[in-house]
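Take a look at this one chain, the form predicted alone, written out in structure tokens.
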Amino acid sequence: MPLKLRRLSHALGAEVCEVDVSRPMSETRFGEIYQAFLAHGILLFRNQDITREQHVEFSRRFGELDRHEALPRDRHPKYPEILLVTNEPNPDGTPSDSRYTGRQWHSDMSFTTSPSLGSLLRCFTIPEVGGDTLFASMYLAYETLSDGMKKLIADLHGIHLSGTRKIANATTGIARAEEQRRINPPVAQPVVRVHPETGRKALYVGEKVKRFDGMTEEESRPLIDYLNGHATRPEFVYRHQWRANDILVWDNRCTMHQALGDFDESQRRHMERTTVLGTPSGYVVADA
């Protein structure tokens, strides 16, 4: 039976219908899923009541998994392949280190020299309303630029920084920022990336970009702001309203995303993510 898909938006995304990722899956069936992943940029699997082991096992079908050494505070204590995205307090009662994860437009692990191929985020608990996630097609963002702008940015490299998220409080935020600077020095990535599997060009920017290599922040800011604003125009964006036991898989090489804080933070929002390693990209910038 052919894979059944339902498109999520005009710009990107498709729901994979009638597939239980916890059950044995043939290479042929997974090949169909992977081709849909390349074609649509985002895949949604609803009603996946699975264990953490099954989450990790399914994720490995997409490639080698990151053990999140670049984000040690956010790892699951028993499963290093799983990154926690939660507002549940820490065991000692302090605010969660990952409560504000993803509140900026970004592509996962862009601040490393092995940025992510893809991410698989599973929803456990959501607030009564809100807590959605936005996704933008970076293919469309690039393809709709003028020829002059494409020429201008063709050889630019944006410097991506870790530790730029909103902080839970001053003490933990300062400690985390210092730790992130030590673990993850600034990395320059090409502003235009060629997808290694589809061959299509995509913008590679986001709110983690501080400046362009070889330019000052003041010189860089207007163009960074323009590119981010252009990439996140409504016609390029899909807004996902989460349900418990959703799994959303996205291609970090041609999308970027942002978690919204439009919910009552006294209500629980708990997600768990696996991260598929991508091909090497970029270089460390010592003087950023």
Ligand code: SIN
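Values in this document were obtained by computation on a predicted structure and should not be read as measured data. Numbers for residues come from their place in the sequence shown, where the first is 1.
Below, we refer to the form predicted in complex with the ligand, which is not included among the displayed structures.
Contact annotation: the ligand lies within 4.5 Å of heavy atoms from the stretch 100-108 in the model of the complex, the single such stretch among 193-201, 149-157, 213-221, 100-108. In the model of the complex, every residue of the candidate spot (85, 121 and 271) has a heavy atom lying within 4.5 Å of the ligand. Between the options 257, 40, 55, 68, the residue in contact with the ligand in the model of the complex by a heavy atom within 4.5 angstroms is 257. Though the ligand is absent from this view, in the model of the complex it lies within 4.5 Å of a heavy atom of just one residue from 116, 133, 184, 96, which is 133. Although the partner is absent here, residue 242 sits close enough that one of its heavy atoms falls within 4.5 Å of the ligand in the model of the complex.
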